[in-house]
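Just the one chain here, the form predicted on its own, laid out as structure tokens.
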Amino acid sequence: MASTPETTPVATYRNYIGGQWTESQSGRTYPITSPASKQTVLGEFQTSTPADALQAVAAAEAALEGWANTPAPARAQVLYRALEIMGRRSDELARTITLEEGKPLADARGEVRRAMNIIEYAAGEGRRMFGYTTPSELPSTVAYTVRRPLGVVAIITPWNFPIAIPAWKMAPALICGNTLIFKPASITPFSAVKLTEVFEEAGLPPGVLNLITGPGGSVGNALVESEAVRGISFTGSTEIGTGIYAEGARRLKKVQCEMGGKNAVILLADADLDKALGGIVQGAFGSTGQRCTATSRVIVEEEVYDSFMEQLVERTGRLKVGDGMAPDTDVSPLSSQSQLDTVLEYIGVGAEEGANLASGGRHLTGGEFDQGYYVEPTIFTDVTPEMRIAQEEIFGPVLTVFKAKDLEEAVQISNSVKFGLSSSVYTRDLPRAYRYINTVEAGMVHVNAPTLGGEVHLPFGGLKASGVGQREQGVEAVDFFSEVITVYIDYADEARTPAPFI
């Protein structure tokens, strides 16, 4: 039975600055409750201020020289210890994610595994951060490149993957020798505290990783404006990300922003329909649609449209909605009242625009549903590309379905949005699959697979309004979190006339 704040003492969690767990200079905290049980308070967290942000920056500055001068293989050993600790605490971490963010426990366990994969990959880069040598056009000269860290880096992360997304930024940033200020989303600070504990236990020196919780606007602005912060890695909305990128560019900072998505699956008539249905339902309604790579649109070749819709509605109707802690739950609550309000507003907009509500669409209430933020998995048909539900990111369990006469029209519909993160086609026709790959406007494309996710050793990111700056993950992460230095060594015995370099 869910406990209430009246019957159970509520723990207060602190910021982590300079190797110490400290209270905010504001002297204030705020509560975090469970999306599945609004009466269950998970803890009180620090309401940080710009002064706290600057204190964290100062701690990161003080730690930079020591961490940057630590050999990369030695930095890797800290990450390997964090990997071992995360494995040992994986159930605790997964349960924290589900309690705080709401996703089904199986999805939370998958998120923890993803974070572990990222840390393992980044640790391996401690022996692989390659520069290169190249012949010089001058005699008796060696020319080569080396990498060095950016310096102090701000890590600003969203609520929907409160451990995996921070890990895929923090691990490569740390292996490159940077020191960090970690600012998690204000509604998921509990997972951030747990992740920070992992790195603290792994032996990160004081000041290398600093955590500040609370409101994003004032604290985030302080980090962006600080001259000491040389890099910013952000995941969140397109509106906030473009503002950070513009301000960062004005201040000559290195910035990467992973932003919104409106991902489409194209289903061609020759596809394996059963395989496609499984991927589409998982992509649209898994994690309650609250991921940037979720399937938001399906574009179906017209000759299989009726058969597809009949089976899609039937499969969606079998999904079990409930508390993410229940083992049989397929679709868990939305993360917050704000997110519930947004999703319900879009469902209303879809009906007003003339789309057909083919399935779901209800705010679920009564019984256990009264304790959380639940909405039915929702399917709209008769959708046209100019509708708001076809253009804007909803970030919930809402799927819009289109009909297309052929691949060319389907790709045109897919490309008709401002986003370009992830996409997918289901087909047995290899030439058409390659035509799709070569014409669809998305940073990640899948053939006969869902739009979801990606592997940690490959770049992650999108085109158009979905991303700006260098990609995340893989070797791209090392490229972003380090600077390339070109070195020329003249070892000739005698002086010579300088070459006419630029």
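Position 1 is the first residue in the sequence shown; the rest follow in order. All figures in this text were calculated on a predicted structure; none of them were measured in a lab.
One more form of this protein should be noted, the form predicted together with a small molecule, which is absent from this view; the next part is about it.
- The small molecule in the predicted complex comes within 4.5 Å of a heavy atom belonging to Arg114.
- Using a 4.5 angstroms threshold between heavy atoms, Cys292 counts as touching the small molecule in the predicted complex.
- Contact annotation for Phe199: none of its heavy atoms lies within 4.5 Å of the small molecule in the predicted complex.
- At the 4.5 Å threshold, heavy atoms of Thr188 stay clear of the small molecule in the predicted complex, well away from it.
- Only one of the listed residues (Gln256, Asn160, Ser424, Thr400) places a non-hydrogen atom within 4.5 angstroms of the small molecule in the predicted complex, and that residue is Asn160.
- Exactly one listed residue, out of Ile394, Ala122, Ile165, Ile97, brings a non-hydrogen atom to within 4.5 Å of the small molecule in the predicted complex: Ile165.
- Candidate site formed by Tyr16, Thr29 and Gly214: none of these residues places a non-hydrogen atom within 4.5 angstroms of the small molecule in the predicted complex.
- Checking 55-63, 31-39, 448-456, 433-441 against the small molecule in the predicted complex, the stretch whose residues place heavy atoms within 4.5 Å of it is 448-456.
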